[in-house]
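Starting off, we have a lone chain in the form predicted alone, written out as C-alpha cells.
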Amino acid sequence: MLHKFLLLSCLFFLGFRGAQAQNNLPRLVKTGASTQLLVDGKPYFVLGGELGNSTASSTAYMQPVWPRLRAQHLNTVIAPVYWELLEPQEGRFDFTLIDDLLRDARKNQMKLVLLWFGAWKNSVSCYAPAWVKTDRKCFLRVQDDQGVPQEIMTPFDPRNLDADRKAFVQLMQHLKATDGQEHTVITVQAENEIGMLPTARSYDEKANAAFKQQVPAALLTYLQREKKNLKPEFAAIWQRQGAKTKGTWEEVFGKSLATDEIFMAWFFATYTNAITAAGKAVYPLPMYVNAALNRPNVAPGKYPSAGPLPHVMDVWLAGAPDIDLLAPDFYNPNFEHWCDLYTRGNNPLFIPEIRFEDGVDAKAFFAFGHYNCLSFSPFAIEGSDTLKSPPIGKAYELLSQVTFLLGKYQPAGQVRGFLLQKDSAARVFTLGDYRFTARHEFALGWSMGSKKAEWSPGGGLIIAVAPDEFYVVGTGLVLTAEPNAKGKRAGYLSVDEGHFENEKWLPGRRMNGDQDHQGRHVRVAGGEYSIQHVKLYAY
C-alpha cells in the first residue's frame, strides 16, 4: 500500500512539474502599452549575439567561442540549426549539434534563440540536404523570367513544404523532449531572410498557374477588415486599382513589379506559416521571421523581394497569423527610420541581427529605451577581429543590471531612449515631472572629443522610478532638465554613479562639481559607460 501511495505521489509530482513547465513556457504577453517576452514568468530582454553562419556547425569549433561570448556579457546566443546536418538522409535525424548547444548554453548560463536554416537562407536553399538538392524532379525550384531554374526551392510545390515541415517538427519535438523543463531555447526563427531573386516573382509552372488565379479570400478579407490600418505604401497600391474585393492578382493590384512582389510575399508567408503552425502544435515557443532590408530605389527582384519587409508587412500579417514577430536585420544606414517602420501596427521590435560596427552599443541603449525592444543582437558576435575592443560588452554589462527595472517600468511608459550623433538634433522628451534634453557629450565645446572629425554615436536610456528620481544608463551623453511646472528651475539633489548587484543599488562616486558641471547636467563622457542615479528638485 505504501509503495502504491509513493508511486501515485511521484506521478502527481511529475505531472505537476510538467504542467508547471508548460505554463512557464517562454511567451509573448501584452503588458500595458508594450509587449514583453516572458521567460519562466519574468520579463526577459535578449542581450544577444548571432553566431556567424558556420560557427555552430562544429561543437569543437564552438568550445573556445563560449568564453568570448561570456566575456561580452551576453545572456543569449542566437545560433543556426542546419537542415542538411539535422537530416543528412531523408527521415534520419541527428540531434548531436542541438544537444551540444543546449549543454554548453546551460553550462555558460545563457539562453538560446535557434534559427531554422531550412528551405531558405538569404533567399537561397543552400542549407537544404543533398537528397533535396539533387532530386530536381521531386523538389522543384523557382525560375526566373527566362525559365532558368535558381538554387531556390519554390514555395508553390507542396512536396517542398512537406519535407521542410517534417524536419522542423522533428526539431520542435526534440526541443520539447530535451528542453521542455529547462527552457534554454526561448524563441525560434522559422526560415532565414526569405526573398525572391533575381526576378520579382517566380515563373515556374506552378507559380504561373497561381498568378492567374483569384487573389485568395483570406488576403481580400484582411484588406477589407484592416482597410483603415493598412501600411500606407501597401494601401496605395490597392487603392490605385479601386480597392477591389475580388479579382486576379493583376486585377486587384495592377500590372507591376510591386504586384509580383505582393504575390510572392503571400506564398512565402503562407508556406512559412504552415511550418510555424506545425512546430507550435508540437512545442509552442514564440516564433519570428526576419528580413534582409531592401535598399532605396532598387526594384523588386534586385533585392531579396517578398520577405517580411515593411512595404509588404500587411501581406505577411494576413498570410502568417501564427508568426509572432516580423523582424529586421540591420545592414542599412538610418537605424531609427527602419525601427519606426517595423514598430507600426504594434509589431514589437525584435532585432535578431545587426552589423557589428562602431556605434552598435549606442543603438542598443536606444532600442531598449525608445522602442521597448525585445532583442538586440550583433552578427558574427564571436569574431575577435570584428572590432578591436567590442563596446557591446560594456553596454550589455550595464543593461544586464537594469533589465529588472525595464521589465517593471517599461509597460508604464516610464522609460525613454535616445541615439545621439554628430549631425543629430537634440532629443527632447518628458518623463516624470521634468522635461529633458539629451545631446551628444561631444557637443560640449570643452569636451575631450569635441574636435574629432568623426564622433562615435552616443546613446542611452533613462528610467523614471519616481516623478523626480531617475536612473540614466549609457555612453557619450549629456542630459539637462527643467520642471514641467512653469516659472521653476531644476536642481540636482544628488547624482551618484554606481551599479546594481542582485537588483540592489550600490552607489559609488558622487558626481558633483566638475562631473555634473556644478549642478547643470548629467554627463557620461564619450567612450565611457555609466549608470547614474539622479534625484531632482524644483525651485
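Start at 1 with the first residue shown and count on from there. Source: prediction; values computed, not measured.
What comes next is about the form predicted in complex with a small molecule, which is not displayed.
Not displayed here, the small molecule is approached by N290 to within 4.5 Å at the level of heavy atoms in the predicted complex.
Using a 4.5 angstroms threshold between heavy atoms, Y331 counts as touching the small molecule in the predicted complex. With a 4.5 Å cutoff on heavy atoms, F379 counts as touching the small molecule in the predicted complex. In the predicted complex, at least one heavy atom of E353 sits within 4.5 Å of a heavy atom of the small molecule. With the partner omitted here, the residue from D179, D324, D204, E193 that has a non-hydrogen atom within 4.5 angstroms of the small molecule in the predicted complex is E193. Though the small molecule is absent from this view, in the predicted complex it lies within 4.5 Å of a heavy atom of just one residue from N122, T437, Q239, S256, which is N122. Comment: 114 to 122 is the region of 454 to 462, 142 to 150, 114 to 122, 226 to 234 lying near the small molecule in the predicted complex, near meaning a non-hydrogen atom within 4.5 Å.
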